[in-house]
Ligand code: NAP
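Before any questions on binding or motion, here is one chain by itself as structure tokens, the form predicted on its own.
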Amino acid sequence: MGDRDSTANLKNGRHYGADSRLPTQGLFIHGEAVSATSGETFETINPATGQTICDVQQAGAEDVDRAVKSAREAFKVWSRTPAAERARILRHAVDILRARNDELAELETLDGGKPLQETLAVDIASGADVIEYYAGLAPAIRGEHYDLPPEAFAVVSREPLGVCAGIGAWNYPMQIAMWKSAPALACGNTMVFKPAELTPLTALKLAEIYHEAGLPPGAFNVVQGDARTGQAMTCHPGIAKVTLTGEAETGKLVMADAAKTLKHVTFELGGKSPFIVFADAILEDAVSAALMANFYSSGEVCSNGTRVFVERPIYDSFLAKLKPRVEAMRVGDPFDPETQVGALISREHMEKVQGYVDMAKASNATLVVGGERPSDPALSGGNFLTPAVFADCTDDMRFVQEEIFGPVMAVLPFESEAEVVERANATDYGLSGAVFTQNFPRAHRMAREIEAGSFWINDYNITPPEVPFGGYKQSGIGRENGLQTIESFTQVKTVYANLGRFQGMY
């Protein structure tokens, strides 16, 4: 169950079918693959074919409790491990991840439907970069000393929280598992991680790699399952913190559960981000970035700039350059190295996205290109949609207001800087945004005025490990990556030392 050999032949991953299912996958607790006690299983489906990859065992409350107890036991060891040794172990995990990049990327493509050209280049590598970054920071976590003359001083130290719960999303399964576990482990915490039930496979591989690298048994456990498993984690009294990537409504539910035991929380939630193009922008760059900001990973990226505001003088030119570029995008088999747009994660999600496309077609917006099921019969079993662009959109259209999480771009004209700022901020979300302009002062005015946790100037969706990522408003609480995350995975202890005699009052 979940052994390395079960995915060793993934160089032929695109040939997997109903007659070549992987073995049933279970949980990973205390350094080994174990079976769930619930007796329930669910299927994980290849989004590109509709065929079952394997059955996965559902973790019940008893399994979550077992994982938490294991993590609490491991915490006694890991939290006392010297920071330099923690760093060495994490760097060893990075080496293994990079050596196995292709195998892991292919498993991610099989389970999630993303093009192999993406997963080979980004998904595993970018997560490994984050682990490497926090491995470097681990020995640098420090406290403070305060001199309090004449006969006292105080020491303020940073200590780990304990057991942290990580709840992942299905769009970047392994990357998210690494983004959450890297700072937690670097700070001396342990983690129980639940991947999304739609993409459960690669988190098990990460658990194996951490164990192989030298992490103590129980320091990183994986439990599988649906919302019931997640709720068992968020309500568990033995868990000190929950870090979630998901939808805003899910975040509200998790926050309510976490409040019952006053758990720490970090949420990276949804977005409906503005992508703003001024008339002085380098048009070719703006068009290329808009394609990336809307159609990379089939549009299943929380920070995507799906509201594309284009200044009126170049509006028609922008659309004229955009249309043929979208038409030329290759939709197809994710294992084909030429494929640029893969499958949406599930049939249900594809139908949801199609519903928004149909809504847009029925509105006063103009369909520029796409929004159809591909005609290739070889793709008929998968969850494929061609990238869609709608022009002449207005802010009050539902598909412009609501997060779609699919390959649907809304292009909106604007007349002035003040107008576009007001319209861009007229949303409950505030995850990200961008401006394309050659006017340096204007670029920085926009960066100051747009309500977003991340803002790019003449670029999009660049997230180096060194800089924090997270949202304003209903796009989240707290940050991932960067130095700020160290603070959210530690707690402060003050020790006051009296060097003289105690001075009583009575």
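Remember, it's a predicted structure, so these values are computed and weren't measured experimentally. The first residue of the sequence shown is number 1, and the count goes up from there.
Another form, the form predicted together with this ligand, is not on view; read the next lines as being about it.
Undergrad: Pick from 168-176, 117-125, 154-162, 363-371: which stretch has a heavy atom within 4.5 Å of this ligand in the model of the complex?
TA: Selected stretch: 168-176.
Undergrad: Could you tell me if Trp456 has a non-hydrogen atom within 4.5 Å of this ligand in the model of the complex?
TA: Judged by the heavy-atom cut-off of 4.5 Å, Trp456 is well away from this ligand in the model of the complex.
Undergrad: In the model of the complex, does Pro334 come within 4.5 Å of this ligand, counting heavy atoms only?
TA: Residue-level check for Pro334: no, no contact with this ligand.
Undergrad: Is Asn383 a contact residue for this ligand in the model of the complex, using a 4.5 Å heavy atom cut-off?
TA: Asn383: no, not in contact with this ligand in the model of the complex.
Undergrad: Given that the partner is absent here, does Gln340 sit within 4.5 Å of this ligand in the model of the complex, heavy atoms only?
TA: Gln340: no, not in contact with this ligand in the model of the complex.
Undergrad: Each of Glu247, Val254 and Glu403 within 4.5 Å of this ligand in the model of the complex, by any heavy atom, yes or no?
TA: Affirmative, all three are within 4.5 Å.
Undergrad: Could you tell me which one of Ser346, Asn101, Gln231, Ser317 places a heavy atom within 4.5 Å of this ligand in the model of the complex?
TA: That would be Gln231.
Undergrad: Under a 4.5 angstroms heavy atom criterion, identify the one residue in Gly225, Pro387, Gly218, Gly433 near this ligand in the model of the complex.
TA: The residue in contact is Gly225.
Undergrad: For the stretch 268-291, which residues lie within 4.5 Å of this ligand in the model of the complex by non-hydrogen atom distance?
TA: If the 4.5 Å heavy-atom criterion is applied to this ligand in the model of the complex, 268-291 yields Glu268, Leu269, Gly270, Gly271.
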